[in-house]
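Have a look below at one chain only, the form predicted on its own, in structure tokens format.
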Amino acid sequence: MASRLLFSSLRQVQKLQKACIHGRSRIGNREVVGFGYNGQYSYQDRVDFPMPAIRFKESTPDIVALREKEKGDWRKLTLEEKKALYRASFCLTFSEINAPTGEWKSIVGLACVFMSIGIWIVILEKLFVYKELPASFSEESKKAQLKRMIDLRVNPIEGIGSKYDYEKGEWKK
């Protein structure tokens, strides 16, 4: 039993190693700078895990020259060079990641469209599907039915009959 568990765990490690080797061929000549979010060579802009496994852009001769210059005094770098170095490593800044996207507008729009479709379906069903209400739903019919229930003294203990004073001929207060 223990040997099976050991072999199955070793198989899992081998699969991860193969996946990492395969993933290394997919990233091109990007520099691997860390473990990353899930241990694979991928780039994701995330606020909760701001250290991706690889750099955003592939290494070009310009970026390699800037990286060599970066190893020296940073005061000698211009602002544009610092920005180019940052953009070579990262796609977005924190403020760009957290910026509102306006996606809520499309969600509200779609919700309004579906609600209007639902309202139109109800209107069309009332016009073309449902029949007219029976005569027993009219006010006169309801009053006649109530009078009949009082005359028959229906449910005199807890129901309608308990709320009617039969001696005075009116509703109890």
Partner chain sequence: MLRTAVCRFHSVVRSVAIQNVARTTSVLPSRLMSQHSTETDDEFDSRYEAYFNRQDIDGWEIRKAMNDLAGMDLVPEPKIVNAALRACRRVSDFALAVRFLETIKSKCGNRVQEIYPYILQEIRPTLDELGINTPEELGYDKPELALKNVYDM
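What you see is a predicted model, and the numbers here were worked out from it, not measured in a lab. Residue numbers count along the first chain shown, from 1.
If you look for the form predicted together with the partner chain, you will not find it shown, but the lines that follow are about it.
Checking Ala144, Val33, Met115, Ala65 against the partner chain in the predicted complex, a heavy atom within 4.5 Å turns up for just one residue: Val33.
Contact check for Val47: a non-hydrogen atom falls within 4.5 Å of the partner chain in the predicted complex. Contact annotation for Met51: at least one heavy atom lies within 4.5 Å of the partner chain in the predicted complex. In the predicted complex, the partner chain sits within 4.5 Å of a heavy atom of Glu70. Only one of 104-112, 135-143, 34-42, 117-125 lies within 4.5 Å of the partner chain in the predicted complex by heavy atoms, and it is 34-42.
Interface residues of 74-93, taken as those with a heavy atom within 4.5 Å of the partner chain in the predicted complex (partner not displayed): Trp74, Arg75, Leu79, Lys82, Lys83, Leu85, Tyr86, Arg87, Ser89, Phe90, Cys91, Leu92, Thr93, in sequence order.
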